[in-house]
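To begin, one chain is listed below as structure tokens, in the form predicted alone.
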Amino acid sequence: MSKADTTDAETDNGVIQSVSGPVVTARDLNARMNDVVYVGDEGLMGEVIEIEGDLTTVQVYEETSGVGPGEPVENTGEPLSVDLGPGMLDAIYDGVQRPLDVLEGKMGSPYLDRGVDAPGIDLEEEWAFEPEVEAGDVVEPGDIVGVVEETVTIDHKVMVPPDYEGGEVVAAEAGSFDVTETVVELDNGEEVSMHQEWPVREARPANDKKTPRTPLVSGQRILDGLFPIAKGGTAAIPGPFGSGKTVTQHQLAKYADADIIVYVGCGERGNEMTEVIEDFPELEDPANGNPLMARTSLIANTSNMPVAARESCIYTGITIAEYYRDMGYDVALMADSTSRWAEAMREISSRLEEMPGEEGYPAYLAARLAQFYERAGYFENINGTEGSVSAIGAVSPPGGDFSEPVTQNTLRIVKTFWALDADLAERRHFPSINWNESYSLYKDQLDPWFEDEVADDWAERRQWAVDVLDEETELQEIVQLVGKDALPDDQQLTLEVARYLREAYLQQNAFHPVDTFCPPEKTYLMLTTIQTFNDEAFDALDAGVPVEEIIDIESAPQINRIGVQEDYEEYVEDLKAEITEELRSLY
């Protein structure tokens, strides 16, 4: 919502009584909860969060240094909303949907000044509109009335706003229009344009929330192979500093087979967002070869930006995601990190002198997290299309302590848990996802898809890998006490098979041009190759071949090279034949 949108609104203004960081108290302000207000002589954007008698408390989304008592507070009478329409993709916003490139142009500097505002989309740019309805057609709220080409990848579908009544189309013409101009007129006087506004704290309506049964294929072996997430699912990536949360989310943003990516940098370091901004325009979408930014919307609220804006940036991101979901697209939302969001809530709560919960977080932390993640899902939209929002949130527990409140409250909500491990990261094992602590509750409902699209024994192969890794964990405790050589031959061989699972299958090089993305078919073939080695090796062991000779065969180490092979199918078939021939020649 820009200040320009509110000039005609009736206002009941007040004056500042006190200022405490991002929290401002105003008196004589006739406002409602969650109304947007403009604070002080510079008109800093804020939101009403508490009303007590004639005192109104506002959280301000900009730095409040120099703001003092007696300055005016202007009420817009409207909730915090986002501008929805063509132009949101290939765009970079701050936490309240102000386009950063536009702000830089206004200020002539890369450093943001206070009180500078701009609408979330360009209200003057013209788009080529193609109607999909004609005079006489009856449309209802949410119905698609036309299409514009937003980017080379995405067609933006113009919809009747959900809060309209709908009716019979009177006029709909093709042509070039800006987003504020009417493109479809209805017989009841309603006019449909390409521009909508929607309150960020209110979920967009849908007919039904369905059980998701299609995986969000990420191209990351450990995720797709062991701990998959569904389109419309929820996942958390907790981990300590340096364990790879951001790189994992970058990989998901780059290669997940969603139609739209909304990437929210919430309180993270600026250089991480810079990496996204620099990399994405140069990277190709593996699905169509177009630039990744053509399907991406970035919300950058870095650690040096005002703390209150972190609280809003998550809602801004999920609202944009829901809007594209209503068009029938599959959207993936990356939030990095929800811990910084929770810390912003904690700071605001402490300044309001609310009763603190565990570790000082507000008592409503769990409710706010649930409200965010529950807006994800696989939906039947009100226009009859189906779309999804997948929410993937990074969590940054201090010291890697998963028992802290943000991690624990997130675990109660999400159905996929990718636990990052500092010990694995120190051993340069990436992605450093701990296979013993991670889980996915979507496996059973996604197995039919993998069995139909990849291989009918997908679930069996995965379970075999999990069993081997579990057995290795138990054996490692014994090895630490008595050494590997004290184990029976069959257990030594199990450790060798598990080593190939860890090094060849679970490890993946995000910076290798081939290994950075691994399709499910390749993931499956890698697993079958390791299982071929396992089966042939145990047959050789049963035939009396010493375990040392089995481990030392020349072809087995080539398993580690499958990930970097472009023509992997032929390589895998040849390698399986080599392993089988070499092991059988030993007996």
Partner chain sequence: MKEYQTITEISGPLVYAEVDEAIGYDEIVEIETAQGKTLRGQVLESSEDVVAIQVFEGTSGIDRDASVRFLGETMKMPVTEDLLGRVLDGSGRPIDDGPEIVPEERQDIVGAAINPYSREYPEEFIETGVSAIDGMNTLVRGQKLPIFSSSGQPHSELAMQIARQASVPEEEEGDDEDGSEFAVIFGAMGITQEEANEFMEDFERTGALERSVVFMNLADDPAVERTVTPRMVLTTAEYLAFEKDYHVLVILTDMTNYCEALREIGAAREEVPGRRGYPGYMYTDLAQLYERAGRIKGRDGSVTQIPILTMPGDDDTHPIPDLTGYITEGQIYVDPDLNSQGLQPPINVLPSLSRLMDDGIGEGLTRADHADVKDQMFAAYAEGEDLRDLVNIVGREALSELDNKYLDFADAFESEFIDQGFETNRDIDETLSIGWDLLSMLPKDALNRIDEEFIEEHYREDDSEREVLEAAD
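Remember, it's a predicted structure, so these values are computed and weren't measured experimentally. Positions refer to the first chain, counted from 1.
Below, we turn to the form predicted in complex with its partner chain, even though it does not appear here.
The putative spot formed by K210, K443 and F517 is not touched by its partner chain in the predicted bound form; no residue has a non-hydrogen atom within 4.5 angstroms of it. Here is the short version: of N271, N188, Q463, N436, the single residue with a heavy atom within 4.5 Å of its partner chain in the predicted bound form is N271.
When its partner chain is considered in the predicted bound form, only one residue from N560, N30, N34, T532 comes within 4.5 Å through any heavy atom, namely N560. The stretch among 211-219, 476-484, 147-155, 409-417 whose residues place heavy atoms within 4.5 Å of its partner chain in the predicted bound form is 476-484.
When contacts are judged by a 4.5 Å heavy atom cut-off, E275 counts as touching its partner chain in the predicted bound form. Mapping the unseen interface onto this chain, T180 falls outside it, with no heavy atom inside 4.5 Å of its partner chain in the predicted bound form. When its partner chain is considered in the predicted bound form, A206 lies well away from it, no heavy atom lying within 4.5 Å.
Contact annotation for G239: at least one heavy atom lies within 4.5 Å of its partner chain in the predicted bound form.
Contact residues in stretch 500-531 (any heavy atom within 4.5 Å of its partner chain, taken in the predicted bound form) are E503, Q507, F511.
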